[in-house]
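Quick setup: one chain, the form predicted alone, written in structure tokens, and binding and motion questions come after.
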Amino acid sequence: MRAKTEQPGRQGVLDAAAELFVAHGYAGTTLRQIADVAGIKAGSIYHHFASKQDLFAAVLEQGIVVMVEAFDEANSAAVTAPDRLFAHVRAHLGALFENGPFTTAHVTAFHNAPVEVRESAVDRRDAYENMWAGLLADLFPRINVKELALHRLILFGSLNSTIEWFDRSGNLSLDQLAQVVTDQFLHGVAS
């Protein structure tokens, strides 16, 4: 847990909430816990958010913004197909590991949140997935759309599952991990 702050304001509440939602899930996190980590009284949360659902929706929104910005930055990073794919894989991993728990909440806590909260994020999540669909269609124009959709889901599954097992203090850097994922996606394991 992060240290308590003097007066965290809206972003401090968001930071505490994202951290707790990732650690304990939506149902396992209370407003009182969020307030304790943020260093404020529980009632002070209502100064910034109408409910726990609104707070979680704001966490999800901040997480998707990070992913979209990372994707946009990766768009200008490379020219060749392998380099473009690597740049986007690395950007997605960076969004998961280098930007706090906001993007991680999409992976760990999203599916257990109330339907209303999930529905509030669906359009932005779909737009992000469509950005990837367009990238893959551009990189692999001879593969049909349905097959590419399956490949995109497999790629997302492998990228998003890294939050469960990847140790940033281990022997593999994020760049190296991104290269392994890119190579496997492009060439398979046997090559």
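The first residue of the shown sequence is 1; numbering continues from there. Keep in mind the model is a prediction, meaning the values are calculated, not measured.
The same protein also exists as the form predicted in complex with the DNA; that form is not shown, yet it is the one meant from here on.
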*With the partner removed from view, which of 122-130, 141-149, 62-70, 49-57 is the stretch that lies within 4.5 Å of the DNA in the predicted complex, judged by heavy atom distances?*
49-57
_If we define contact as a non-hydrogen atom of the residue within 4.5 angstroms of the partner, is residue 30 a contact of the DNA in the predicted complex?_
yes
*Just to confirm, residue 134 within 4.5 Å of the DNA in the predicted complex by heavy atoms?*
no
*Looking in the predicted complex, any heavy atom of residue 43 within 4.5 Å of the DNA?*
yes
